[in-house]
Structure formats: structure tokens, C-alpha cells
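Just the one chain here, laid out as C-alpha cells, in the form predicted alone.
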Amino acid sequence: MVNYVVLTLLAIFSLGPLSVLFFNSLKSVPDIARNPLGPPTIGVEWGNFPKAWALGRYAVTLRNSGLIVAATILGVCLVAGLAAYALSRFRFRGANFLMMYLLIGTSIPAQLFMVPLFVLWKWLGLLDNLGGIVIIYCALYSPFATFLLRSYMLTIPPDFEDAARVDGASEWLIFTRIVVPLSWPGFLTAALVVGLWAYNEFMFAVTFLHSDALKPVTTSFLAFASRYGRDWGMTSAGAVIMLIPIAALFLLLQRRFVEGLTQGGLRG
């Protein structure tokens, strides 16, 4: 009985803000000012969605976010997968220092190196470039993915790899044909988490991407603000539009996501 009460409270705590967001996406600005939490009382404003789609240029920003997320996931999985394989299977000098370096790197706020990174990216010609922001995201998220994949690979018995080495397989062949297929839930979990972070990231995107044709979906909310206020109806509608792809992807892959996250946390 206590479990049901706790789960019900957690469900209310989790779904409450989403319900308010959905209600506000269907209200006019005067209705939100009079009733900011409940369902629409004046009338349902379905027009907020097409207006938000056009004003926020979601056709362009969602496409850019899709490209950024896909490239970031590929880069992080490649770098973190190779690093995790090396750290979980080989004993070499400096491995503990490297692990400590990655741990410290994940704990330092990224804002601390934004200014020198901006100067470096300007010198390299990577400002206002989707490839430049993808490199930044790969550097930011690879340490977490390395820890997650290393933990998952430690749960895999090395017998298959030893048998492949006896047959003369190279380390690259072992990694691509044995380790990656067996670690597939871990890679999927890392891809989902990193993709969600890249999809929601705002600070680096608005700093390093200046052209309207290159901006991601998180910058679409800037279009709903004016000098004297913000249209919260269209802002809420834009947030619902932004949530739909992530919610659909999570519902489709939630079993694999939970499986990879729990199995990856069994061993450190």
C-alpha cells in the first residue's frame, strides 16, 4: 500500500509540470494570465501550434538538431567505445591517471573554458559551423559515455575474446565483431543519454552558432520573446513540439534504455 502511495506521488510530481505545459499550449495569453495552472477556460487555442512552428522556424531548427544529435552520437560512441574497450581489457601505465582525468573533466563546469574555446574556434574557423559544435559536444559527453561503456564491458566475460585471439583475430576485429555486439545495450543507453543532452543543449549552441540557418531547436524559443514580454502560449506549444520526438524515441526504446543503464552500473 505504501509503495502505491509513493509511486502515485512520484507520478503526480513528474506529470504535473507536463500537464501544466500542455494546458498552457492550448491557451491564449489572457487565459494564461488568469489561470496559469489549470485547463483552458476561455477556449482551446489550437492555433498556437502552427504559429509556434512558423515563428520558431522548427522545420529548420529540428533538422539542424537532428544532424547535430546524429553526428554527436556517432562521434561519442566511436571515441568512448574504443576508450572503454582499452580501459576495461588492457593494463597499461597511466590507466588510473586517465580514469581520474576523465572523472575530473566531467566534474568541471563547461562554462569555465568557454571564452578560450571561443577564441580557439574563431582562430580555427569553426565558429558558426555544425562540425565545430559537434566536436565540442563529443568532447563534453565522451567521458560519461566512456565510464558507462567501461562498466558495461567489465560485465562481459573475456572468454569469447580469448578464443578469437587464439584463432588469430586482431584487436580491431575482436572489438567490432565481438565486443560491440555484446555491448549493444550499453551503446544504446549511451547514445540515448548523449543524444538527449545534445538535443537540449542551449548555451554552447547560442554562443557558437550565429546563422539562422544553422541554429538548433533550443534556440527557437528566442522567437517568442519580445522586448516587453513573452507569449507563453506559443512558448508552451513550442516546448510540446520539441518534446514529441524525444518522448516517441524514449517510449520506443525504454526497455533497452533501462536494461543498459542498470547493467552498466553493476560494476565500477
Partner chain sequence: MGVHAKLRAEAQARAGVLRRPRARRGLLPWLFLSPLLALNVLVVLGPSVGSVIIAFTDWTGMGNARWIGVANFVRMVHDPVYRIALINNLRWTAIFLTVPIAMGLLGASLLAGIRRGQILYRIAYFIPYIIASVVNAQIWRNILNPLLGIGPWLAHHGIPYFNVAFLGKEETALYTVAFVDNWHWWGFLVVVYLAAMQQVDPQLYEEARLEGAGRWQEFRYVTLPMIRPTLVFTLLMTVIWSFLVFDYIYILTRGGPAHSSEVLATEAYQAAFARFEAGYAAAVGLSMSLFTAIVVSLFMWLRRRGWEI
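Not measured: the values here are computed from a predicted model. Just so we're on the same page, rigid core means the largest C-alpha set that superposes within 1.5 Å between forms. Residue numbers count along the first chain shown, from 1.
We do not show the form predicted together with the partner chain, though everything after this point is about it.
Visitor: Please check if residue 85 has a heavy atom lying within 4.5 Å of any heavy atom of the partner chain in the model of the complex.
Guide: Yes, residue 85 sits close enough to the partner chain in the model of the complex that at least one of its heavy atoms falls within 4.5 Å.
Visitor: Residue-level question: is residue 36 within 4.5 Å of the partner chain in the model of the complex, judged on heavy atoms?
Guide: Although the partner chain is absent here, residue 36 would touch it in the model of the complex, with heavy atoms inside 4.5 Å.
Visitor: Even though the partner chain is not shown here, does residue 114 get within 4.5 Å of it in the model of the complex, heavy atoms only?
Guide: Residue 114 belongs to the contact set for the partner chain.
Visitor: Mark residue 195 yes when one of its heavy atoms lies within 4.5 Å of a heavy atom of the partner chain in the model of the complex, and no otherwise.
Guide: Flag for residue 195 set to no.
Visitor: Between 243, 60, 70, 55, only one gets a heavy atom within 4.5 angstroms of the partner chain in the model of the complex; which residue is that?
Guide: Here the answer is residue option 243.
Visitor: Output the sequence-ordered list of residues from 1 to 29 with at least one heavy atom within 4.5 Å of the partner chain in the model of the complex.
Guide: Contacting residues: 3, 4, 6, 7, 8, 10, 11, 13, 14, 15, 17, 18, 20, 21, 24.
Visitor: Using a rigid core alignment, state whether the CA of residue 53 is displaced by 2 Å or more between this form and the one not shown.
Guide: For residue 53, whose C-alpha is compared between this form and the one not shown after core superposition, the shift is less than 2 Å.
Visitor: Superpose the two forms on their rigid core, then report whether the C-alpha of residue 70 is displaced by 2 angstroms or more between this form and the one not shown.
Guide: Shift of 2 Å or more: no.
Visitor: Using the core for the fit, does the CA position of residue 216 change by 2 Å or more between this form and the one not shown?
Guide: No: residue 216 shifts by under 2 Å between this form and the one not shown.
Visitor: Say whether the C-alpha atoms of residue 216 and residue 227 sit closer together or farther apart in the model of the complex than in the form shown here, given that their separation changes by 3 Å or more.
Guide: Closer together, by at least 3 Å.
Visitor: Relative to what's shown here, the Cα pair residue 199 and residue 226 differs by 3 Å or more in the model of the complex. Does it come closer or drift farther?
Guide: It is closer: the C-alpha separation of residue 199 and residue 226 falls by at least 3 Å in the model of the complex.
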